[in-house]
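Given as structure tokens, the chain that follows is alone and in the form predicted alone.
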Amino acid sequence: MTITAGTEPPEAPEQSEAERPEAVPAELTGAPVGRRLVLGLLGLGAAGVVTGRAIQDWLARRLSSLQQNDPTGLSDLLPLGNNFRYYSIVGSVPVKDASNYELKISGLVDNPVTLTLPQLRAMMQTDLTLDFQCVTGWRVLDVPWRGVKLADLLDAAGVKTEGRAVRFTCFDDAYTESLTLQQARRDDVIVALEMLGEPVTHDHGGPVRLYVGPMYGYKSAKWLSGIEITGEVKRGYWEGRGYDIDAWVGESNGRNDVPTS
């Protein structure tokens, strides 16, 4: 894990080529993939979240090769490590860029403000290199993130004394999430403008998304459009459907972020 705070925003990086998949091992070339094997590995993918990083890392390599040689198509259902999956709770999401993107900070603050993408890019940036863990079992290792600390935005807006939580809204007009104020002020919680060494793409939730380092991915709201300070935590989209409000990953992601008190 690396965290580098207080660096000045650089010039926009050139887009890099997509990472090429690993070569298929010789023993797999031409060998049909059985349904039992695929379904068995699906169960192991979920088990990897429980049993720790070592097995998940092994699955990342094994399943990546498997997907390239799967005539059944079943491996598309697998929680492949080292690969992002693309989720949306709506049929389509509008595309926004520097010409029309806005982030509104409101609620229990002294200075409500609406920020444009160029304004966010001009602010002090923080670099993180941390895993992204989905609650469904897959994980992407050592993802580079870059953006503005959420704590810095909250300080600039001036949180009122009665403010206790932060509610996030998105420009898909459907998704919401929340954090306590204490959680939101962590150094590994940022409003992300870049990931994987380039601006956050639309599919990844760009041009601006939330990244909550120590929690499962559903807390890292994509297509971020609003930050509202509230008097109490309000259940987000998935919490209203049974997910935990406190989504700490902890030891299952090779980390120890779960609060001790």
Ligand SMILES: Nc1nc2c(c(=O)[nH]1)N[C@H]1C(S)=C(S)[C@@H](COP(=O)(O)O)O[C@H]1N2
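Just so it is clear, the model here is predicted, and its values are computed rather than measured. One rule holds for the numbers: they count along the sequence shown, beginning at 1.
If you look for the form predicted in complex with the named molecule, you will not find it shown, but the lines that follow are about it.
With the partner left out here, the named molecule still marks one of 105 to 113, 181 to 189, 151 to 159, 164 to 172 in the predicted bound form; by a 4.5 Å heavy atom cut-off that stretch is 164 to 172. The partner is absent here, but in the predicted bound form a heavy atom of 217, alone among 217, 199, 214, 226, sits within 4.5 Å of the named molecule.
For the options 98, 122, 89, 95, the one in contact with the named molecule in the predicted bound form, meaning a heavy atom within 4.5 Å, is 89. Contact annotation: residue 117 falls outside 4.5 Å of the named molecule in the predicted bound form, judged by heavy atom distances. Residue contact with the named molecule in the predicted bound form: residue 134 places a heavy atom within 4.5 Å of it. Using a 4.5 angstroms threshold between heavy atoms, residue 238 counts as touching the named molecule in the predicted bound form. Annotation for 136 to 167: the only interface residue with the named molecule in the predicted bound form is 138 [heavy atom within 4.5 Å].
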